[in-house]
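In the structure tokens that follow, a single protein chain appears in two forms: structure 1, then structure 2.
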Structure 1
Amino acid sequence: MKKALLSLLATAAISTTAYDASAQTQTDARVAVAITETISGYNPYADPVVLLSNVWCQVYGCVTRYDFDRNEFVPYLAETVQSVDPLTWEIRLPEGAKRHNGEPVLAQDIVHSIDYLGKNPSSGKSYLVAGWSKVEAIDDRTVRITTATPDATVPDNLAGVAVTSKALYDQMGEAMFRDAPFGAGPYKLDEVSIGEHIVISRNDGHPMLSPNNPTQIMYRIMPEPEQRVTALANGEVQIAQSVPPQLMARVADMPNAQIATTNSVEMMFLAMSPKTHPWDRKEARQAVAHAINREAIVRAILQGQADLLNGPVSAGQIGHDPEFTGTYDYNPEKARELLQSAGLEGVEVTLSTPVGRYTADRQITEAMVPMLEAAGFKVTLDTPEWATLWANVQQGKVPFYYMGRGSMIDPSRALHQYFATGGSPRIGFSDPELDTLLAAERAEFDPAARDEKMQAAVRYLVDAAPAAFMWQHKMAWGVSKGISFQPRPADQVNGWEVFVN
């Protein structure tokens, strides 16, 4: 089978955002972005945080990227990415691709980058290249990847591969990241202040840029929401990430800023480990799904800033079926009946939740407790510190918890991780039929056919209910009226998508 999935010219892929450079004067305006997450250093492979990974893609260039207008992965640094056969993918670099220092981008650089990601102890993203049995440079412009099993998620994984220079790494080692961060992306690295900020500046002449993209962008850590919003009001930043519901009205009232929202690609769910009692009974799991009044929580606590989920995915994600309206309406009587039919009325359960990790997580789970008790559960709410909860979840030690899972533009990796047999101990769910359905979607390279197979897996998963799917938060960003920026469903602020008015 030789089916090309991604054979678009890179220049065509970016044409939707590119402006006519000759018609406008280049802006010298700078834009500061207040962000929530960490800036852990110069190494582009060390930190899996989405926003930071995206900054590295702007500097070095990643092999692919997700085009939210086209709803598909398109080449970024590459010219084409195609599947040659079910186990083989080929990446072709464009003729004459150059780094910021004028050196050519070579196929050997991609091989080196993938090798570093997979094997170097400093890599925090080795999962991206797991299952790739061989990566080789065929010539200076062509890379061939051989996978152990058919894997339709390769273009998704390549979106996390920042292409660094093999020659510079061989010459300088790890110091290259700090002393010679020459990439081939639309922006250049200017400055990194660890744990504080990162500054990138425009790589003039790059085809993705237009004259009114900012000349410099500073991503500045501001962990407190009040501070991000105040800095926006004060004109210290032009974009503020993650404005919580209670501060949205304040931003909307600002004369110099406004709110821009997008849906997230993060599913929020209640996980129930079938390895533990009473979650070994499907009736108990389904009772939870019927017991939670999600509409009331979204209305009262999240102030409407979330979209209800009928499964793990929503519109715009692979596997979303608009016809599938879900099977779990809010029905406390039915929940009680299910629990009674399993002889579990009055069963004691502990609901664990992070505090401050997700929007209103504690308030939401506090509201869930009486709903679950109305269905017949006896509930204890557990609120451990995030590091403790997360370590225990990863080891499969938490039977019932409220959690989110992001990076789900292509949900395959997440669904395999949480629900496939042996995917991870987090839920410990195992169902051969679901395994078959998930394996089938991953091996399907035709997008339409894959979508159908994913939909079948989602339907089966929802019925089996190892998790009760709750909602996706709407992500609110504060945006200065001096710029135009429409946030995307992933936490990304790409310079070429920010326009100075």
Structure 2
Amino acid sequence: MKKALLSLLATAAISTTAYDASAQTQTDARVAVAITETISGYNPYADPVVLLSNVWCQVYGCVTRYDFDRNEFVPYLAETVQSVDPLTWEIRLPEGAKRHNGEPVLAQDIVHSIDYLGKNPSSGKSYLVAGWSKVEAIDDRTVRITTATPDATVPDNLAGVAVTSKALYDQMGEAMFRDAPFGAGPYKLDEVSIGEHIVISRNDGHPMLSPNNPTQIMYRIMPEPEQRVTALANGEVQIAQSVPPQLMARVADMPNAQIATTNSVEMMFLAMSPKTHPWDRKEARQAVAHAINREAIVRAILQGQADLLNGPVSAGQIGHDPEFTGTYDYNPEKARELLQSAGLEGVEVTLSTPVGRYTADRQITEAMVPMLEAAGFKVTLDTPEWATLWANVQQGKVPFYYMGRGSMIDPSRALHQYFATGGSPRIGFSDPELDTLLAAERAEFDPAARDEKMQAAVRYLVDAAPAAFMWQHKMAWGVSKGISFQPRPADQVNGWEVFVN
């Protein structure tokens, strides 16, 4: 097998020479970003949602990151990440890497961070390191990971590992996250207000930054779309996440802002937990997939700003088969027949939905209720606060819900998280055949062969229907004309990709 090498040199990911602060004029500007997500605290491992995870990577530095210009995972804090053999990966740190307090970044810090994730499943990220049988520091700059089985997704999983200090943790425990949040990323942590905002400031001299990146970035929680758009119009924020279709024209007409769009790699889906009735019956799950008129929702509510999914992935993602059209057309009669065949006609279910977290989420689920009832379900719509719903989903306490899973460039991590046995409590699905198929794709290092094996897993998953796959949004962001920012397919606002005009 060819040796897999993730970006041999750190120069593939970042410039090796920091800009000279004395020779270039730095922009002194603050940027505020209106976001839909919650902020749980100072622990960088406790926010598994994509945007907040990415903020913590900016502070601490994660081992790898996805480069959308190169279409591959590249080193972030690491210098190289290399597959030595099918069961062994090595991470090499750059010489002289330092934290914001001047202390060195060591291989022992990576080992500590991986160990912390593995021992704290409540973080929602322990699945990242599952199946890694041994992680050891060979020297101060080299980490060796031994996997129990071949695992081609290690670089992807390392993108979720923020590297915190072992020495500070040994000294302070988890108080370190609040009192000594010294990372090695391009930005430093300034302030956290739980449930309100997080503020980071530029780490001058970091090689990923240029002089006209923001001095300070505030990520402000604004769950309501109208609130985000109004703040953009008033100049309170310079970037507004997730502008819904009905508000896009308003932003486009603003003298101080404009719309920036990107395709999403976030699958939107209806999750059905087989741990609860009636979702323990495949017929009920398949009935949901037939009951939803996805075309009508995309046309009438999303105003065409979404692409339908025939499974968890679309064109350009690993595992997408253009010949596979799915098995669930809109067919309420078929849905009712499935419920009747299982003796479930009239069964009562509760559909839980976020409000303001995703584009038109409440309007979409309100439209789904009569569709589901036409198929024979009796439906109650549940609209809890996002923080409450998200916490309960992570603990496996929500039987039936509408949600998205972002950052699915390589879908393996997400599919294992939601659908593999023991991946996470979020759905609690378990199927030995699917486990075998997912393990096979993860163990395949040849890209073409892995794509075929992922396609097989996708086909099986769609038939088993622990989720009904809906669409991928075409994401619209509101951006002030005073800055330059082009959103990426994953929900990320990285300081080095924001330029103050």
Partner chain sequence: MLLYSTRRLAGAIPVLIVVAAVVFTLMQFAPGDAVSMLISDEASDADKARIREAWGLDDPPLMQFLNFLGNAVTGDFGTSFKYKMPVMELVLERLPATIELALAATLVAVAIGIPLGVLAAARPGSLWDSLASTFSFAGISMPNFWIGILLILLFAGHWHLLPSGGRAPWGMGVEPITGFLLLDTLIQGRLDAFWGALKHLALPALVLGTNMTGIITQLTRASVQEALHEDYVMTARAKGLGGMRILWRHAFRNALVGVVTIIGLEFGALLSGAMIVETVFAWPGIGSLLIQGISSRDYPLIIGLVLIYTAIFILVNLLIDLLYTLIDPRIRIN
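Nothing here was measured: the structure is a model prediction, and the numbers come from that model. Rigid core: the largest C-alpha set superposing within 1.5 Å between the two forms. The first residue in the sequence of structure 1 is number 1, and each one after it adds one.
J.: Do you reckon the form predicted in complex with its partner chain is 1 or 2?
T.: Answer is structure 1, the other one does not fit.
J.: Treating the chain as two rigid parts, what rotation angle in degrees relates the smaller part to the larger between structure 1 and structure 2?
T.: About the larger part, the smaller one turns by 27 degrees.
J.: Can you give me the Cα shift for Leu309 between structure 1 and structure 2? Core-superposed, in angstrom, one decimal please.
T.: Superposing on the rigid core gives a C-alpha shift of 4.5 Å for Leu309.
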